[in-house]
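First, one chain by itself in structure tokens, the form predicted on its own.
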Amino acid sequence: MTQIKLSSPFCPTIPIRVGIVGTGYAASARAEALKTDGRSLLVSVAGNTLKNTKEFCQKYQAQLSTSWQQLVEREDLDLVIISTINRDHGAIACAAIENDKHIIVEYPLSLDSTEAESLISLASQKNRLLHVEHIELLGGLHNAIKQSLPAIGQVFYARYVTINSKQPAPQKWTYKSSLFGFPFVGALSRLHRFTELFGEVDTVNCHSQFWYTEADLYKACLCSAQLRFSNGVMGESVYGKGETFWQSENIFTLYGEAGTLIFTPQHGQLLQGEKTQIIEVGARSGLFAQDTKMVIEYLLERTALYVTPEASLYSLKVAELARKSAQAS
């Protein structure tokens, strides 16, 4: 494919040449998005296992890099997408930025907020894009909540419960503390929804429980965090997954002085006295593609993105406070 020179020094050529670290669901969604956008080209992929990486590269006609270290050092890449285990996000992002690459990283940016903060600073110094994906903010559920909030007046309490029953629990990295991180860090979107809606957090209290089968592998976890926001809103996030749960649940309830909102991923309800109003919730499909398209347009045209790395960092700091609270309780 012939490259076209552009006048912008931020991304001087089109197509944007992309490398992906990872071969799982998110990486596949990114590759599909790149394949359908003529402004980008997937050049190389690095994965955790050779077999999966070969199959991925064959499917998307990409070159195989034997390691993420090799991939980020390639001179024929403009953008690196990090879609691998959470533990490695920070190290890969740092190496990629040092090698003058723009970055997309699935949340969290790092398992440590100090490292995440230094990466944001490094990207700014190097004039590289560092985009932390938070596709929950693009989804129909979050947008329906934001649009519906004025109807219930002053919000004073919000509760978000996500329970994922797994029978049996999979023996994969998302059930390993060293690879996934503390649950509210690894599943950062559970808290990021709150901080995006209600802003600054004053206090954090958290309790957690794990059912371990090995030293670094659990079959279930449960975390409950209580947040007090500067604007007076009290928030509670409950996150659980694994075998000890016999039914999945996903519900976001917001209590306001003029009504109550109850949302599931499929639909919402506005309750005001005896009156109930059904609220439509948009589809959840295609969000990785939407996120990828927005990054491409930012690199080529400097159009606005929907989230900043600083906003993600703030949620990560709240998640760290939740972890410290849980460990102290």
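It should be emphasised that the depicted structure is a prediction, and the values quoted were computed from it without experimental measurement. Start at 1 and count along the sequence shown; that's the residue number.
Heads up, the form predicted together with ligand BLA isn't pictured, but that's what we're talking about next.
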| item | value |
| --- | --- |
| Complete contact of Y25, F180 and L287 with ligand BLA in the predicted complex (any heavy atom, 4.5 Å) | yes |
| 4.5 angstroms heavy atom contact with ligand BLA in the predicted complex for G90 | no |
| is_contact(D112, ligand BLA) in the predicted complex, heavy atom dist at most 4.5 Å | no |
| Proximity of S189 to ligand BLA in the predicted complex, heavy atoms at 4.5 Å | yes |
| Any non-hydrogen atom of T253 within 4.5 angstroms of ligand BLA in the predicted complex | no |
| Candidate stretches 256-264, 299-307, 278-286, 59-67 - the one whose heavy atoms come within 4.5 Å of ligand BLA in the predicted complex | 278-286 |
| Listed residue (Q226, S165, N99, T174) with a non-hydrogen atom within 4.5 angstroms of ligand BLA in the predicted complex | T174 |
| Residue among E136, E117, E73, E236 with a heavy atom within 4.5 Å of ligand BLA in the predicted complex | E136 |
| Stretch 94-109: residues contacting ligand BLA in the predicted complex, 4.5 Å heavy atom cut-off | Y107 |
